[in-house]
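What follows is a single chain, given as structure tokens, in the form predicted alone.
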Amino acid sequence: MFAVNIIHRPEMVPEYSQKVTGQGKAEDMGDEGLLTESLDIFKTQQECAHKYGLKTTIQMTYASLFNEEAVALAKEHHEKYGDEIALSLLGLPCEEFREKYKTKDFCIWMFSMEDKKAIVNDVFEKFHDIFGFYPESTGSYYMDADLINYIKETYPSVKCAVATCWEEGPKAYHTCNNSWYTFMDGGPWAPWIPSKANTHAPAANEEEDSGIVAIPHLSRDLLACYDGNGSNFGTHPQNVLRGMIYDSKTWEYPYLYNLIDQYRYQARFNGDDAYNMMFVGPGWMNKMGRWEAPYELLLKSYDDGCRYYGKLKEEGKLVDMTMSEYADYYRSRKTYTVPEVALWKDILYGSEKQLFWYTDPYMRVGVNMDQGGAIVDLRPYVAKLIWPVGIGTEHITDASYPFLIQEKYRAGYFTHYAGEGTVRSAKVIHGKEEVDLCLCRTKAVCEKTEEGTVLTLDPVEIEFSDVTVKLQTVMTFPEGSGVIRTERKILSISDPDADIAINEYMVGCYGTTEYAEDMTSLELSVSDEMQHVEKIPYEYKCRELSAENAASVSCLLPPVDTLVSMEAEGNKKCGYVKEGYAFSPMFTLGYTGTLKEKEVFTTWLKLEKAD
């Protein structure tokens, strides 16, 4: 079942339109031309959806609640088409808001908690005054946990919210001339039930359940967005235009349809369920044009997007839902520990690159098959990290969930001449020769089994000077465990008597940006087979510890309330830890061992809440 949420908002003073329509004029929040154009675009968007038989969720903005025509349209379309009348926490700026709050801030999560509560009360009560009921859905680019908890407690009718924007962090900031202070990397890319502690981290049980179903702000390309600026790669048609991913002569954009179809494909890994959303504010369809595209192309792209969804609906391949309807459906289908999985391939650049994404209440994991199945992104959701956001907190603009591994911000396998980047991989060794699996491109298949989600990589051939090894990797994610099991098996070897060694390792750190954090609170440990523990307090001194037949190796990271550990099973296993240094402020956990033909070396990477 492929579900789509199409969400529109009558944003009376849209950010983008204001800059273009108001060019050369003094700022005027009540400019009649701007208000009229914005409402006309909203009507056009609604018409595009309705003519293809699609219902929408109308997220009324604060400004639109003061506009009688916008209110009347919402009521009419609710009665005529079954559209849901919801409430957005975007679109706050208007004369009334500026007069009351004396600020140009417009991102609800960046306000102080006192102001968040006051704004929520204002907007929700105004909505009730206008419509006679409280909304069942709301949203913003991001909604922090304290905000969601307050809304749910005060307005329990809310069951669904747009709550984060996938990988909207430093990459987006840099492509907006370092001016878009909305850092929110590290969240899920598909619907989830956020925990009370942290919006990004899914709830593990009823006690952690915030009471809402969260959906992402836009359905992103899980490869192109990760590698580059996410604002260019999404099922928002004008994202595709901004990315220049269309034929300038024919005005066609097959990428958009391929992207929607790739989301449909994910149903085979997620209980036959797939999800998509299109959330478009009126500023994107300005009559003056946008993203070097004329208005005619902006309009055509949006109409074509709706037409494609309508075609899928006619063919019985899609169900259009309002946000609250989808929340009810999601609750009826999902249990807390069931993971969300995506096996994603490049559909834009022709690289054949493939990524695997996995998220559950304990972790978010990104696996790169172009790097031999290396883990290139790891977020410890198990910590349910309390991370207040906004004025008056330590994180005014940075709402990202911290990483332990992140190849884009803390390098990866391919690094500078010195130091190491964060990655979880393995090195295969023969004599004095060593090959990192990060150099071995491969592909993978995914399946659900009784053991959990299993990612089976195609075998790779490793050629040493006098021997060739064929090795296969299988990664298993047992449901509800916070554990990743990795098996490396030698399928064949040209010389059965050759000595083959393996070094399974994880290079990690913590943070949300490119910049190194203070590592001095970290503690590295090695537990031997007698459970005797040796420790290294992190002091940037390049120290190492190891133990034959080590029971486990671990790193305690108090700043992110996480304990990450590795265990292993195989011949001649030896566990080790390494402390980094100032130029390479990382830590390393690992195991070495030996392998012969048909033998397996198995490791378990485990995430736990530190306390």
Partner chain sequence: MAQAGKGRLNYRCPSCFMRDLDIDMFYDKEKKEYYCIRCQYTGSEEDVLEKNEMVRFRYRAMGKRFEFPD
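Positions refer to the first chain, counted from 1. Computed from a predicted model, the values in this text were never measured in an experiment.
Not on display, but discussed next: the form predicted together with the partner chain.
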Inset, instruction - Would you mind picking out the stretch of 191-199, 104-112, 169-177, 330-338 that comes within 4.5 angstroms of the partner chain in the predicted bound form, counting non-hydrogen atoms? - result: 169-177
Inset, instruction - Scan Tyr255, Tyr141, Phe131, Tyr413 and let me know which has any heavy atom within 4.5 Å of the partner chain in the predicted bound form. - result: Tyr255
Inset, instruction - Could you work out which of Met288, Val445, Leu439, Ala516 is the residue within 4.5 angstroms of the partner chain in the predicted bound form, going by heavy atoms? - result: Met288
Inset, instruction - Report yes if any heavy atom of Gly431 sits within 4.5 Å of a heavy atom of the partner chain in the predicted bound form; otherwise report no. - result: no
Inset, instruction - Could you confirm whether Glu153 comes within 4.5 Å of the partner chain in the predicted bound form, counting heavy atoms only? - result: no
Inset, instruction - Answer with yes or no whether Phe233 is in contact with the partner chain in the predicted bound form, where contact means some heavy atom within 4.5 Å. - result: yes
Inset, instruction - Give a yes or no for Gly243: in the predicted bound form, does one of its heavy atoms lie within 4.5 Å of a heavy atom belonging to the partner chain? - result: yes
Legend entry - Residues in 323-357 close to the partner chain in the predicted bound form, defined by a heavy atom within 4.5 Å, in order: Lys345, Asp346, Ile347, Leu348, Tyr349, Gly350, Ser351
